[in-house]
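The form predicted on its own is given below as one chain in structure tokens.
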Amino acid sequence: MKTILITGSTSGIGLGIAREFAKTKQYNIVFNGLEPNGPEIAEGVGKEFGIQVMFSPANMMKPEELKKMVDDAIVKFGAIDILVNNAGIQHVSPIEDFPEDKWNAIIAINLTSVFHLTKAVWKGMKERKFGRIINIASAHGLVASEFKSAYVAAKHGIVGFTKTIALEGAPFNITANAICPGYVKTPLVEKQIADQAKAHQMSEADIVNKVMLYKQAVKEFVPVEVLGQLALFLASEGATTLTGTALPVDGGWNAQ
């Protein structure tokens, strides 16, 4: 059994990815999140699919907690074979009104935590000559949208970081790839809809149809199961030569 650690995995995209890995019954899963019922969520998935799980409430803004999460997972499972950096937050605001604390939090959670966790698992992956780093970036890691300066900066940073560690990891059978989703119907996006409606002074229905999905050729939210299935492939032995990529799953947004 390999072990996968997924940040932000007690809701949204992270939980969807965890469930796809759990269905295979081939992975131990380290769950992470700040939901008060996080341990129950992790335990529920473990019981549903008959796999071993662990939960950590590590805060992405606290590097010492991230290191402890990795150490605790290694004590329990022996190794971390796959790291999925998924945790993220969002804030929508014109640049002149963008709160500095929101900028700092978004960069810390969406980008800097990826560095700390990758560094923490890297030595073990090199020693075992196997590792898979899967970073959940965004279509906004490839293109920009107004009112999202911190988020776009962080996600572009993830794409660059992914390329760098792909080069460093190649001699050791460590791959690194970024998945760049379009809009996925998650709690984070639900909040974005409300924030965008306020920023654009439009109804929430118009935000979905005229702002968010307007940029996608396929006018549908991306199913979280699709992201999980792609992550499964990237984690597999068959993906050894697929590294350093930023893979858009965005309904054709980036085809324009």
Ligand code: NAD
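Throughout, we count residues from 1 along the sequence that is shown. The shown structure was predicted, so the numbers you read here are calculated from the model rather than taken from an experiment.
As for the form predicted in complex with the named molecule, it is not shown, yet the points below apply to it.
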*Using heavy atoms only and a 4.5 Å cut-off, determine which of Leu188, Val226, Val218, Met202 is in contact with the named molecule in the model of the complex.*
Leu188
*Let me know the one among Ile136, Val92, Leu117, Ile82 whose heavy atoms come within 4.5 Å of the named molecule in the model of the complex, would you?*
Ile136
*asked:* Taking a heavy atom within 4.5 Å as contact, would all three of Thr162, Ile174 and Thr245 count as contacting the named molecule in the model of the complex?
replied: no
*Phe147 near the named molecule in the model of the complex, any heavy atom under 4.5 Å?*
no
*asked:* Check Asn59 for me: does it contact the named molecule in the model of the complex (non-hydrogen atoms, 4.5 angstroms)?
replied: yes
_Taking the named molecule as it sits in the model of the complex, is Thr24 in contact with it (heavy atom to heavy atom, 4.5 Å or less)?_
no
_With the partner left out here, check for me: in the model of the complex, does some heavy atom of Gly131 sit within 4.5 Å of the named molecule?_
no
*Which among 147-155, 163-171, 96-104, 118-126 is in contact with the named molecule in the model of the complex, heavy atoms within 4.5 angstroms?*
147-155
*Using the arrangement in the model of the complex, list in sequence order the residues of 73-107 with any heavy atom within 4.5 angstroms of the named molecule.*
Asn86, Ala87, Gly88, Ile89
